[in-house]
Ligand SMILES: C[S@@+](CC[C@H](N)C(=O)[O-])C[C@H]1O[C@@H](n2cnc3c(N)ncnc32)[C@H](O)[C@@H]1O
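What follows is one chain in structure tokens, specifically the form predicted on its own.
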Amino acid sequence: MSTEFAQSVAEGLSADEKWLSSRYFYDARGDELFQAIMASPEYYLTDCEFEILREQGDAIAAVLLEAGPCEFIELGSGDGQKVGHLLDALHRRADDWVYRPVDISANSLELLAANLSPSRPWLRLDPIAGDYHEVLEGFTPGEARRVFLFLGSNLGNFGEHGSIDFLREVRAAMAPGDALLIGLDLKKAPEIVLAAYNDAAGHTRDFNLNLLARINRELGADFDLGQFEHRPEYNPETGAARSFLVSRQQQSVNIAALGQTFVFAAGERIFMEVSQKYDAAMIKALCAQSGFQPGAAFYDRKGWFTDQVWLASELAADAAEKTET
């Protein structure tokens, strides 16, 4: 049992508006379910970003390698299937770089090596298992030229203030001349977004409910998964897509490891995750406030998703500091 996991669950379920941290979605079963979500026809994000990396990979590689040799550090790499197109494009242009995938899930990193290495004997792979924040703290700016990869719209899971804080952490690990390739999901029609987080096969529902199953297994809880309903919501003005688990009835849940009982009213919600969608003005502000300046931007044919290169510079860092004061 993780003490940190237990403390997070206790804090979240004791709040006036209950929540659970999406950080703990990814056990072995959670990894499997997330792969199923990304493969579902409703989950457009995967197809859009695959298209960008497949069809514009050479153009992206040219921008990223323009300043010379570097190490590519992918934060939240998952099983590595998406990044393969970019790695191939990078290899077509140069071989003086190393790929360092970072993921909190050791299981995902094992899958990544199995997916990428056999067909790419030239790949210099240096995986890092750990939390984003801890890994970033271990980097000293200027040790090597770095290009950070943060794909798949993962940034949207941090929320507005969390996104800026996280990007500033990334910027703090970078020196002028370093770069960030970031994936961002764009605002679009509510029916498209809602379907992506409520797929017909129920993978997203099961992904959320799996966190309750993990609490049962690791913390000795007695959640009845059948008494909670998965419910996504989307606000097209703010761009916030939120996921909740909703109690179907009045009920109590005991968690042995915490020595606590939590009461749920009928219809009471547990906030599970936010997936932020962006427009051009939001992206411009986010880039400036977090200490970057914009470089190149790449879009899928539908204009639903973008992968953008943001540059680290002293000028941008100075501007970011001014926004904090």
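What you are looking at is a predicted structure, and each value in this text was computed from that prediction instead of being measured. All residue numbers are counted from 1 along the displayed sequence.
Omitted from view is the form predicted in complex with the named molecule, to which the following refers.
Q: Is the named molecule close enough to E49, G130 and N154 in the model of the complex that each of the three has a heavy atom within 4.5 Å of it?
A: Spot residues vs the named molecule: full contact, yes.
Q: Mark F34 yes when one of its heavy atoms lies within 4.5 Å of a heavy atom of the named molecule in the model of the complex, and no otherwise.
A: Yes, F34 sits close enough to the named molecule in the model of the complex that at least one of its heavy atoms falls within 4.5 Å.
Q: So, S108 and the named molecule: in the model of the complex, are they within 4.5 Å at any heavy atom pair?
A: Judged by the heavy-atom cut-off of 4.5 Å, S108 is in contact with the named molecule in the model of the complex.
Q: Mark S77 yes when one of its heavy atoms lies within 4.5 Å of a heavy atom of the named molecule in the model of the complex, and no otherwise.
A: Taking the distances in the model of the complex, the answer for S77 is yes, it comes within 4.5 Å of the named molecule.
Q: Determine whether any heavy atom of F264 comes within 4.5 Å of a heavy atom of the named molecule in the model of the complex, and answer yes or no.
A: Heavy-atom contact with the named molecule at 4.5 Å: absent for F264.
Q: Choose one stretch from 77-85, 224-232, 187-195, 208-216: the one whose residues place a heavy atom within 4.5 angstroms of the named molecule in the model of the complex.
A: So the stretch in question is 77-85.
Q: Counting any non-hydrogen atom inside 4.5 Å, which residue from M38, I270, L286, L65 sits next to the named molecule in the model of the complex?
A: Exactly one residue meets the criterion: M38.
Q: Within 4.5 Å of the named molecule in the model of the complex, heavy atoms considered, which of A144, A94, I104, A201?
A: Filtering the options by heavy-atom distance leaves I104.
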